[in-house]
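Encoded as structure tokens, the following chain is the form predicted alone, with no partner shown.
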Amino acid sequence: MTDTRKAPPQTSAQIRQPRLGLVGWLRWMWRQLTSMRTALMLLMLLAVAAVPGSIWPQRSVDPVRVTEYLRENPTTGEWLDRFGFFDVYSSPWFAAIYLLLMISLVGCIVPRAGQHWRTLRAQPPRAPRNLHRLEAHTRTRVDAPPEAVLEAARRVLGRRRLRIRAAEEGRELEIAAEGGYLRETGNLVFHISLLAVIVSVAVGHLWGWRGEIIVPEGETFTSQAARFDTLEAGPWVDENSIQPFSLRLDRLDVEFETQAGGAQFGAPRLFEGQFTTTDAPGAPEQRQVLGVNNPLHFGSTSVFLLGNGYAPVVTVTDSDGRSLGTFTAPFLPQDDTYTSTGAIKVPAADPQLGFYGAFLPTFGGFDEAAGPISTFPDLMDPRLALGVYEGTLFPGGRPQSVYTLDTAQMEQVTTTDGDVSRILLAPGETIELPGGRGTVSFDGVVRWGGLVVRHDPGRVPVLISSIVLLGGLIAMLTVKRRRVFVRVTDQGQATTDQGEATTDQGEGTADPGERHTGLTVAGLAKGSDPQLQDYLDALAEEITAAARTKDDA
């Protein structure tokens, strides 16, 4: 007698879950890190992590602004500095995100590449037993022998670049084929190129550098780290290894639109510089033209012309008439009419003197709110408006911009009447400073060119990787991965009682004794493929036409 009693149900206390252990947890973490979802999250996190670099000043770009921010915001600045918000791109947390993203991509690419390689070497899978159960399939009848239909099917599938499985015993009347491997290849190329872009950007950041300089006409610049106005160097850059070259700005040609009343009045029409350059110390000089879209190249270093302006030439003397120096001070444009501001510092004076004010290419008078204004960007009627200060130019020895004047330990000079001293000079004019402090002369004006010097070893690899990435993306989105199965059945000779051969659908007639073949074409697609049924219908029509043509021949 059979015991039909049921075993008592197990309680939760009796169910024991398996323990992963150290190896299991490491394998689980590796799978999570190398999943595509994690790679996308890390890519988004990297973009978010780069945002602080555009909000707060960076030490590698403008250390003066960082020092000023810390002085003006001691509490907030201290915490921001602790978390590396003033050195975002070289901070440990940014580097960690970058490194994890590269590891994640490598972990995604390597196993998928191996799997794709094995798929390419393997034969397409056999045809299923019941093709009519596949969602996409089509049936028809061909007035040709099965051998002719099979041969026609192989020719048509070959023309469509489908890889055909070798014939097997017992499956002589069916064909299995597969195509669209370029889709997965494009997927791998896309991810490999994305990794190459990330690595190339990292190479450019680590070994690249970018410097900015302002060169007045007639002056020479030599590529040394100390000569740049600002220098942003990568963490692994040896500043002593910067490629040595020199350039002298002989002439800067700038023309402006002079047609009054038009919307483009005052817009620049010509902007290029005539330079004398040398590639290395002792190398022969060359005359070159530098334009907006025509940079200079010194090996792997490029020089771009991005701005221009005016540099007043000023001579200052003391009360005894001795020259304290002639200064060519670049003033920075503030608007479209090149109203420019700048500073002239005279450390040889006792006490030290500083001038701060505006240069006006075409003097248009004084505005109650804006002060002196310029009405046109070209040198039509230039003036130099200055305020005079005396005291300590560099309080505490802190570095400061050459274009501004730190008046924290300076006082503005006044006249004998107690009014604030203000100077308005025309070219060639000399004015005595109040209190017998000497004189200041406006000797003339020269133009200056704003240059950006850049060395980026990752620039070309990024360009190549981006082009390859785009090609892989196009292949991944446009190529369809499909499996096609063809099966034929020999229907023999179909005759009617009247001796006429007919189709099994009752359509058309055929000669008595003619052989007929049933043709079934079915397919599967990887992913969504709304055009699969149309593809199979077209395939069946091509096979039918090719088989009939071969049979007629």
Partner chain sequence: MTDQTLAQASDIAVWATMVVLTLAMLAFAGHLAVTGTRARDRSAAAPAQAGSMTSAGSADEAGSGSVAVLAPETPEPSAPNRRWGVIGLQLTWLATFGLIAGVALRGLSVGRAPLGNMYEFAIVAVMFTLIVYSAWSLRQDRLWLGLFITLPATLILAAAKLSWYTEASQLMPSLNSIWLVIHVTVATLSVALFTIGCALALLYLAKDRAETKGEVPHWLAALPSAPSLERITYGLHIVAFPLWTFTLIAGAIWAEQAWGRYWGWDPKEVWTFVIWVVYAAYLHARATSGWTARKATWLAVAGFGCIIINYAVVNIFFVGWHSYSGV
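Here, rigid core means the biggest group of C-alpha atoms that superpose within 1.5 Å across both forms. Keep in mind the model is a prediction, meaning the values are calculated, not measured. Positions refer to the first chain, counted from 1.
Keep in mind that the form predicted together with its partner chain is missing from the display, and what follows is about it.
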Inset, instruction - Find out whether any non-hydrogen atom of Arg31 is located within 4.5 angstroms of its partner chain in the predicted bound form, and reply yes or no. - result: no
Inset, instruction - Give a yes/no on whether Leu150 approaches its partner chain to within 4.5 Å in the predicted bound form, heavy atoms considered. - result: no
Inset, instruction - With heavy atoms only and a cut-off of 4.5 Å, decide whether Arg159 touches its partner chain in the predicted bound form. - result: no
Legend entry - Exercise: Tyr89 in contact with its partner chain in the predicted bound form, heavy atom 4.5 Å: yes
Legend entry - Stretch from 516 to 524, 23 to 31, 41 to 49, 483 to 491 whose residues place a heavy atom within 4.5 Å of its partner chain in the predicted bound form: 41 to 49
Legend entry - Candidate from Thr341, Gln409, Gln274, Ser466 lying within 4.5 Å of its partner chain in the predicted bound form - any heavy atom: Ser466
Inset, instruction - Could you work out which of Leu120, Val110, Ala426, Leu270 is the residue within 4.5 angstroms of its partner chain in the predicted bound form, going by heavy atoms? - result: Leu270
Inset, instruction - Give, in sequence order, every residue of 465 to 486 that has a heavy atom within 4.5 Å of its partner chain in the predicted bound form, or say none if there are no such residues. - result: Ser466, Leu469, Leu470, Leu473, Ile474, Leu477
Inset, instruction - Superpose on the rigid core, then tell me if the C-alpha of Asp87 is displaced by 2 angstroms or more between this form and the one not shown. - result: yes
Inset, instruction - Determine, after fitting the two forms on their core, whether Ser104 shows a C-alpha shift of 2 Å or more between this form and the one not shown. - result: yes
